[in-house]
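Taking the form predicted alone, here's one chain by itself in structure tokens.
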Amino acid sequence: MRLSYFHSPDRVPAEGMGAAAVVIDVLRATTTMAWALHHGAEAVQAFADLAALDAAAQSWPAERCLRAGERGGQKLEGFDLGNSPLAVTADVVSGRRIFMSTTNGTRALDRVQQAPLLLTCALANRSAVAQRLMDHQPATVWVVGSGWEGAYSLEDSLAAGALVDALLGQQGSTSSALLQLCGNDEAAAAHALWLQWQGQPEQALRLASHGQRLQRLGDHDADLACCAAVDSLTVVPVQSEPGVLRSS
């Protein structure tokens, strides 16, 4: 297995595709998706475009449909949900499909939608995702951070490094294993970042520019704590059809 990390969708190569792709948006889309599926959502259907989301949601039975929209860290007016993992409780989402569009995360998913195996990862489920990759043994894995409007994000790179570390834990944490696993410098750098912050993941999220943005927008302490809770979930969101993620 050879893993390459790209810190934003814009960095993903235009040609070719990894045998597997893993999309990360710790703050907060992939954390929210994992918690929604954990609490019984039928699926999360991701959209880069709001018009496409509206069209798809209108074709779904209203009692089994929730619209989740976020831009700039804030819930979109008229939507049922924003992008908080704390809002997707079982009483809200169980049995329902969530039609979701966010500032960065759903755009990243759209970029690698054609991957033969597409998973989403957050700090909350990184060990479960690592185990799924070990089960499938794809030759190449593209890990895509969602970033912030094309820019680097600390929290997504932290989670990419955590995923690398979990894979190393199953393969043997040696320098030669790291050399064999990391397909580019960004993957190795993400792992080094994780080693620096693994004992203080919430502090790292608060240091990140998007963590600071959320704090300026209001009281997001509980969201930050939830997003920083490493290995708190075993659910692995997997694309079952284009744009549709289900628990597996």
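Here the structure is a predicted model, which is why all the values come from computation and not from measurement. The first residue of the shown sequence is 1; numbering continues from there.
From this point on, the text means the form predicted in complex with ligand MLT, which you will not see here.
- The contact with ligand MLT in the predicted bound form, taken as any heavy atom within 4.5 Å, belongs to Glu70 out of Glu186, Glu70, Glu202, Glu42.
- Contact with ligand MLT in the predicted bound form, defined as any heavy atom within 4.5 Å, is confined among 136-144, 101-109, 86-94, 117-125 to 101-109.
- Heavy atoms of Trp148 reach within 4.5 Å of ligand MLT in the predicted bound form, making it an interface residue.
- At the 4.5 Å threshold, heavy atoms of Leu27 reach ligand MLT in the predicted bound form.
- Contact check for Leu37: every heavy atom lies farther than 4.5 Å from ligand MLT in the predicted bound form.
- Shown alone here, Leu214 lies within 4.5 Å of ligand MLT in the predicted bound form, counting heavy atoms only.
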